[in-house]
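A single chain, nothing else alongside it, follows as structure tokens in the form predicted on its own.
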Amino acid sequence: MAVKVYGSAYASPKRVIVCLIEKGIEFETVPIDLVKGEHRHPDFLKLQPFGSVPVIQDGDYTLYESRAIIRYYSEKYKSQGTDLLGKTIEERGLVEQWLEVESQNFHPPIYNLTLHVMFASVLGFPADEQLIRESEEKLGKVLDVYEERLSKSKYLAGDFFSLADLSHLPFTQYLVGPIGKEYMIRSRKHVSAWWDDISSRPSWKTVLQL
């Protein structure tokens, strides 16, 4: 039975889908229109009480929060597809460390940029220009740390592609595309090379075509 992924049009569900493709797991997508408020429908709230995407249904097992989902599938199918967790406990520690960095340091400012540059007009509120400037400044400082790290290893957790890298794909795609701030990646030599590497993976190209 294929895994159902709810809300596939948005960034966080794409984090799950690229993981499923890397692991060779069959899935189907269920569209959820956030603009129309479908995430607040009582039937959806039974699956995800906070009303956000993604949610997965795997038979009678339901799970939400994209990073929890990608950890779950990477562990459940560890011997299948791409190993996204590392081969030793030390490598796993670094994967978890950089996955937390993505969640706690990288994601908040890039999420603010996404919300205020891409979606403010669609959702009917004015873009906060000061917040945009502050978020860009914060994100730049995070990317400076990445630049230093990536000068020493090909990927964030070491010389292997992992969940730590994969988790950055959807929102960085917004940054270099519709947000219009590709220079934040291109002005950092090692970050730029890393982005070219991870964004050219067949799994991510497949996600962009969905």
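Just so you know, these numbers come straight off a predicted model, no measurement behind them. Residue indices: 1-based, along the sequence shown.
The same protein also has a form predicted in complex with another copy of the chain, omitted here; what follows describes it.
S.K.: Counting heavy atoms only and using a 4.5 Å cut-off, do Gln173, Ser200 and Leu210 all touch another copy of the chain in the model of the complex?
M.R.: Looking in the model of the complex, the three residues Gln173, Ser200 and Leu210 all stay beyond 4.5 Å of another copy of the chain (heavy atoms).
S.K.: Is there a heavy atom of Ile89 lying 4.5 Å or less from a heavy atom of another copy of the chain in the model of the complex?
M.R.: Yes, Ile89 is a contact residue.
S.K.: Would you check, heavy atoms only and a 4.5 Å threshold, whether Gly93 touches another copy of the chain in the model of the complex?
M.R.: Yes.
S.K.: So in the model of the complex, does any heavy atom of Gln80 sit within 4.5 Å of another copy of the chain?
M.R.: Looking in the model of the complex, residue contacts with another copy of the chain do not include Gln80, since no heavy atom lies within 4.5 Å.
S.K.: Hey, in the model of the complex, is Glu134 touching another copy of the chain, heavy atoms inside 4.5 Å?
M.R.: Looking in the model of the complex, residue contacts with another copy of the chain do not include Glu134, since no heavy atom lies within 4.5 Å.
S.K.: Tell me the stretch among 25-33, 180-188, 65-73, 158-166 that has any heavy atom within 4.5 angstroms of another copy of the chain in the model of the complex.
M.R.: That would be stretch 65-73.
S.K.: Using a 4.5 Å cut-off on any heavy atom, which residues of 42-62 would contact another copy of the chain in the model of the complex?
M.R.: Contacts from 42-62: Pro49, Phe50, Tyr61, Thr62.
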